[in-house]
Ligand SMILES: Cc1ncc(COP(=O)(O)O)c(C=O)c1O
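Here you get one chain, nothing else, as structure tokens; it is the form predicted on its own.
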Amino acid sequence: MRLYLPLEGTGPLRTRLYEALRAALMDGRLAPGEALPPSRGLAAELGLGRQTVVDAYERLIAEGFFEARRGSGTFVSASLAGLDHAADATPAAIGPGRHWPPLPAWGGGERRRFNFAGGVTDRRLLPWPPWRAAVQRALRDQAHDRAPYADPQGHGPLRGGIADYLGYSRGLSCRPADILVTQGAQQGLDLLARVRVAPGDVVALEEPGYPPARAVFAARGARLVEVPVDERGVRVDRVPPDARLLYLTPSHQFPLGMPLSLERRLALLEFARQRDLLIVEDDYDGEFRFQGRALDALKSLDRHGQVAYLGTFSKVWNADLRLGYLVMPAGLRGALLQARALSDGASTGLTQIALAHFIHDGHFARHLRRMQRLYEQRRQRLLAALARHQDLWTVLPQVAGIHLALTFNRAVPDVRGRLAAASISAEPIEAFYQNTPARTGLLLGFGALDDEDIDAAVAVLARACGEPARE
């Protein structure tokens, strides 16, 4: 038998071989009654252990796809003669892939007059002249670099700059060797899911929470469990005892805004130590703190390697760079580096080198301080404007980040339709719940909202949400 059997992907080899053989059956490349090669011969052809092939054959025999004939070998079951093959399927019969849930629908859409979109910053405020100078230096550096490929772990000087930055801004002591530079925080999540989560594993997430993270773990075939949050953050007492991984946003809960209390941080770390739970800390905008010093990262309290820390440059610099980073737990370091090397090799070398120059020359720290002051002014102006309509909504307490959340004081039907009609970009907080939400309201980002538009935007928002529903 000459048959192409792709074995790429993750998971046990016996499972990948089983899936490749089953796919060959389904699309007609293996015909009913056809003889399969002996397990020893197929193992030699594919470079596998014989037991791997035996396990795949036995599973397909048990499911009725193959049949074993004593003294003759293994054959494709004759009962598959009536099977519809993939090549015969009509387009109407093709649905979404079994392993890939639909992408979250929130966060995007057409441009509108007033932009309350969460997680978005204003690129007009970026210090473009020093960034252009950093890119020029990076181009000169690359002209003299004879290495054929970038380091899969990330540019060494950039990892050093990130380690220094985390030390003074987030209270997190780490070494450059602990850091993996990624194509945005989303790739960091994907890598963690690959090395830690198998199909059927329990993954716990905050409720409400961040839809793209949920999509990553659902794509791995994980069993997802929502853990409620209250005014002190995630309910540690509701984390499933059999969870393999917990994803959370402890510095600025997404989307409601509260930080995880110190008491719960300590309780969660002890729970993780006892249960061998991996905590994934997504610190997506914790640098921006408006009451006192920025809350230290949860990982700064971790003494047993239970926390993987995710950071991003999307909120503090420019989302188009597609650069994030992961502070790796020691126990997962080797697996993460291997997974990264096998996925896309490395992040783009030019942007890494340029960002390293930008950080080491002090431009990044100056930009961060400037944006901290600007966002504080913008936040205060937004809070003052919202306070003029306290009959309509209640603003939830928040001390960090570039968005806030509010809940409606009375029912507001067809929120999305009202926002669209008023040319407002904002997201109902119901979009971040998997179960029936306990409250309805809005997430209001102020990263890209012009200061001079804030009062007018809130006035339009109040009219849109305060008007009675049209018959």
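Owing to the predicted nature of the structure, the values given are computational and were not obtained by experimental measurement. All residue numbers are counted from 1 along the displayed sequence.
One more form of this protein exists, namely the form predicted in complex with this ligand; it is left out here, but the text below deals with it.
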Considering only heavy atoms, tell me if Gln153 and this ligand come within 4.5 Å of each other in the model of the complex. no
Is there any non-hydrogen atom of Ser314 lying within 4.5 Å of this ligand in the model of the complex? yes
Taking heavy atoms only, is Tyr309 within 4.5 angstroms of this ligand in the model of the complex? no
Check Phe217 for me: does it contact this ligand in the model of the complex (non-hydrogen atoms, 4.5 angstroms)? no
Does every residue of Gly184, Tyr247 and Phe254 put a non-hydrogen atom within 4.5 angstroms of this ligand in the model of the complex? yes
Which one of these stretches, 301-309, 314-322, 272-280, 348-356, sits within 4.5 Å of this ligand in the model of the complex when only heavy atoms are counted? 314-322
Scan Tyr284, Phe364, Phe288, Trp393 and let me know which has any heavy atom within 4.5 Å of this ligand in the model of the complex. Tyr284
Here the chain is shown alone; which of Pro208, Pro329, Gly119, Pro259 has a heavy atom within 4.5 Å of this ligand in the model of the complex? Gly119
